[in-house]
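Here's a solo chain for you in structure tokens, the form predicted alone.
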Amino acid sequence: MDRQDSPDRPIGAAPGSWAGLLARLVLGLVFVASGTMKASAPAEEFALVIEYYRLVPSADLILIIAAFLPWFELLTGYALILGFLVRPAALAAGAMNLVFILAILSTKARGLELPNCGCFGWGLHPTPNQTLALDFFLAAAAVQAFRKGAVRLSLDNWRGAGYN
């Protein structure tokens, strides 16, 4: 039995657990901020941004995405902050960031100019390159949160579902 698996080692003392907590909190806070800014505005505003990407064929589907995505971001963000269902939440955040990366790369490849990436509603307007950098950083944070995010200060760990 190695030191990490020792029965006298506290559950929250696994190597990388502080990095997992930090990744989980940063990822959660970004998703809560992003979701809040989008959810506080009419869905039609976000739908217009989604339309600029020219990836979704139907206006009805664009409006559904615009209405649903901010609330999914909020749910994912709060789950990460609280440490509740950390692995599914980190997986969802990572998948969303992968989709965001592919969407931005698609617009760059097709030479489309975006007036707004839509990342934070109409609040912040990072450039496409800044958006890609942020999304890659958040995808890496999602991996770390998935691996070690439930170990420290999480509801999952409190209820016995912490993943060492």
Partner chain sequence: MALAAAVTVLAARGGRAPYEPSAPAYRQKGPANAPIVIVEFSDFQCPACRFAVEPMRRIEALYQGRVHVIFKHFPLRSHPQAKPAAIAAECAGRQGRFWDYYDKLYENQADWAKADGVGFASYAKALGLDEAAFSACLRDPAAAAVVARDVKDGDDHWVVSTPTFFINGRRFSGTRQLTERGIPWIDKILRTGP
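Residue numbers count along the first chain shown, from 1. The model shown is predicted, which means the values in this text are computed figures rather than measured ones.
Another form exists, predicted in complex with its partner chain; not displayed. Remarks below refer to it.
Within this chain, A133 is remote from the site of its partner chain in the predicted bound form, having no heavy atom within 4.5 Å. Looking at A79, you'd find a heavy atom of it within 4.5 angstroms of its partner chain in the predicted bound form. Interface membership of L98, defined by any non-hydrogen atom within 4.5 Å of its partner chain in the predicted bound form, is ruled out. A residue is said to contact a partner when one of its heavy atoms sits within 4.5 Å of a partner heavy atom; C117 fails this definition for its partner chain in the predicted bound form, lying far away. Picking from 103 to 111, 22 to 30, 134 to 142, 39 to 47 the stretch near its partner chain in the predicted bound form, with a 4.5 Å limit on heavy atoms, gives 39 to 47. Annotation for 59 to 74: interface residues with its partner chain in the predicted bound form are A59, D60, I62, L63, W71, L74 [heavy atom within 4.5 Å].
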